[in-house]
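Below sits a lone chain in structure tokens, taken as the form predicted alone.
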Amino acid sequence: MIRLLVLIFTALLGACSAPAPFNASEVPKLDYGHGVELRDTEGKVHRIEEFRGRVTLLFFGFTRCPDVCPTMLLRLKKVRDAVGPLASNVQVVLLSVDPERDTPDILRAYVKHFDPSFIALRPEPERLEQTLKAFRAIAIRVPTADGSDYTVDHSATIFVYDRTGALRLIAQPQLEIDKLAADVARLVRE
């Protein structure tokens, strides 16, 4: 009987020491984006796997976005700042969903305006659909009311890759900055 009580007590202690869940959604064993080659604003080819050693926050956007994208970049700057001394281990990446208008020069100036450490990746226009499929993301051109231009409706989630290059979390854009920063700091420390 004492042996049984010791086993139950040990099991309960083990359950109590399990790590707390993340604030964002954990997505183990998803390989979204792996193997996709994309150019940065300097013309260098990157794959998501190359960001190993840092926690990478990747999201889709475009420079002519009137609200969601600039708001997201401001939020991600605040997340990176909230990580404090660990911030050098965090890479924010904007992946353009409008490569026809988002030239390398425009993209570079856009992301650097928010934080000098941010980078932008740009698929070739003819490879945009293939890139979106690799990340299970969407981007749909929507004509403006007068038909003279277009905007792009796109996925707004944040893909969070850990320091091994594995996709670990998917964060919704409305997740509080302090909660996302706590998740990022935890991944940096792992």
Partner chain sequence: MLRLAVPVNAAALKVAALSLAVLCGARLMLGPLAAAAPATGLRIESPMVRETLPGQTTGSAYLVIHNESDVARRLLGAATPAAREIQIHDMSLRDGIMRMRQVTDGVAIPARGKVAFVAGGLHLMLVGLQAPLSAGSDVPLTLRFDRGGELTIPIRIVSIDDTTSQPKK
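Residue numbers count along the first chain shown, from 1. Every value quoted in this text rests on a predicted model; they were computed, and no experiment measured them.
Just so it is clear, the following notes concern the form predicted in complex with the partner chain, a form of the same protein that is not shown.
Trainee: Mind checking whether each of E49, V55 and K133 has a heavy atom within 4.5 Å of the partner chain in the model of the complex?
Mentor: No.
Trainee: Given a 4.5 Å cut-off on heavy atoms, tell me which of 35-43, 57-65, 161-169, 120-128 is the interface stretch with the partner chain in the model of the complex.
Mentor: That would be 57-65.
Trainee: How about V27 - does it come within 4.5 Å of the partner chain in the model of the complex, if we only consider non-hydrogen atoms?
Mentor: Contact with the partner chain, no.
Trainee: Verify the contact flag for A87: yes if a non-hydrogen atom of it lies within 4.5 Å of a non-hydrogen atom of the partner chain in the model of the complex, no if not.
Mentor: Residue-level check for A87: no, no contact with the partner chain.
Trainee: Decide whether A82 counts as a contact residue for the partner chain in the model of the complex under a heavy atom distance cut-off of 4.5 Å.
Mentor: Outside the cut-off, so no.
Trainee: Is D31 close to the partner chain in the model of the complex, meaning a heavy atom pair under 4.5 Å apart or at it?
Mentor: No, D31 is distant from the partner.
Trainee: Quick one: name the residues from 91-120 with any non-hydrogen atom within 4.5 angstroms of the partner chain in the model of the complex.
Mentor: The stretch 91-120, when checked against the partner chain in the model of the complex, contributes I106, A109, Y110, H113, F114 at the 4.5 Å heavy-atom cut-off.
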